[in-house]
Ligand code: NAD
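So this first bit is one chain, no partners, the form predicted alone, shown in structure tokens.
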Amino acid sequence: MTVTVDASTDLDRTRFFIDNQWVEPRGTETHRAVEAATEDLLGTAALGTDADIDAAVKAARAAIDEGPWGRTTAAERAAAMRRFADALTARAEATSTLVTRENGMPIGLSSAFNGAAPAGLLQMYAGLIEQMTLEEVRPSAMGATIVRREPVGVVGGITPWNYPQVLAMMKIAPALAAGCTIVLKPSPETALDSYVFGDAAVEAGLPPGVLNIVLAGREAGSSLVSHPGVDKIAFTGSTAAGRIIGSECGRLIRRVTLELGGKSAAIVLDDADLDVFLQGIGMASFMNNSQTCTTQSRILAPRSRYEEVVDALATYTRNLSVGNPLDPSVEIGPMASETHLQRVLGYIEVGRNSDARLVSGGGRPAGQDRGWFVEPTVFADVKNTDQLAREEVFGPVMAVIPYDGDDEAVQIANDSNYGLGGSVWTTDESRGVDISRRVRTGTIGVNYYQLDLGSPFGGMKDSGLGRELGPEALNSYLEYKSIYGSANLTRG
């Protein structure tokens, strides 16, 4: 299939969305957005400074302290969120295509996660906040107590490039439902698509200052984390950055949720149906070109079937279609940037220089002269102490590790600094669930792995703090207040 792109489209984004207006930047620094599959220029975006972040936080502060948003009812917020969802749905196809061009995500996946899911999350949290009791009266020893759930305040949302629309909305939707306002700082690696939120917010009639968007690098991001007008930080990104943000929020006694990295294990039990395994491993281990924090890049295989698993995985990866992600038939697109490509190739070199055995892939695919493509790669005979088994590659590089017995499989799966995703493959679902209960991870699937937007998502250990998604996410954006009164309150 030949993919054509309208080169005349002007995607430049040289202003920021603050207080429902497109405002000029305070600085002069810009970022050139380059298409991952072709290395062609997509557009130019302004990068924010501390002054831009300050303006956005002040707008968000005013919106909750002085504006109408701080006095809205749950029903009023839900109505605004549904209008917001409709405005995003109208833009879904163009948004999905833009993200695919930015970061190399296969278009089918982008349509689901960057097109449909953000609107779906707004709809879900609109319904949840309407159903939630935000104030109740409890009898007390001295009379009665009003227990209130109130918005935490101004939220600083910091999001990465790999799933830019849905990861941003995983913060925006529960924050808006709770009555918070938000300043979103997207990653420069996906510099252009986040401003779709601003266009849709205006169309939906969100009040000024409720949603503000400032594209910026790490320094301006740091100023958002430490800004005195911010009440909570919601961050998705690397564990290294999460440590810094968590430390600063701890110093400031500022609420924070951290969704960080992973090095998850797919446990193939000795009774596994390898056809089922191969049908599901695409989502578990290769979703979004393995540029996914839940990627199960440690494949744990029983010694009794080890070579069978290795051969099946090697054949599977050799048959994956690598190419332009705008082509619906393509299964693996490019890495998001040249810098990231070099990181992934570096880990392949680490594997080549170890005692591991390269069984498929191992470099750049033949015939891909432009774009940041890498072959899906499998190393066998990896030890769980190897660098390839300990560190997050964030690319399609799998490490197959042998084990003897269920207990050792669980021990190896848990022998990691991370605990975010995972899977168990077996023909006995009860056995798989029992194994899953023993693995220290925030999410795990039996014979498939796919996020459930209605259930909590997050990690253990170095994979983060707190939970996103599901009704549980609302708690991160609410404060509890107790108002002590007389017994008359219970009669009201």
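Start at 1 with the first residue shown and count on from there. No experiment lies behind these values; they were computed from the predicted model shown.
The discussion below concerns the form predicted together with nicotinamide-adenine-dinucleotide, not included here.
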Does nicotinamide-adenine-dinucleotide come within 4.5 Å of any heavy atom of Arg218 in the predicted complex? yes
Taking heavy atoms and a 4.5 Å cut-off, does Ala75 contact nicotinamide-adenine-dinucleotide in the predicted complex? no
Indicate whether nicotinamide-adenine-dinucleotide has at least one heavy atom within 4.5 Å of a heavy atom of Phe235 in the predicted complex. yes
Distance check, Met169 to nicotinamide-adenine-dinucleotide in the predicted complex, heavy atom within 4.5 Å: no
Which one, Gly261, Gly361, Gly371, Pro396, lies within 4.5 Å of nicotinamide-adenine-dinucleotide in the predicted complex by heavy atoms? Gly261
Would you kindly say which of Ile281, Cys293, Leu192, Ile213 lies with a heavy atom within 4.5 Å of nicotinamide-adenine-dinucleotide in the predicted complex? Cys293
Trp161, Pro186 and Ile245: each with a heavy atom within 4.5 Å of nicotinamide-adenine-dinucleotide in the predicted complex? yes
Can you pick the stretch from 296-304, 153-161, 205-213, 124-132 whose heavy atoms fall within 4.5 Å of nicotinamide-adenine-dinucleotide in the predicted complex? 153-161
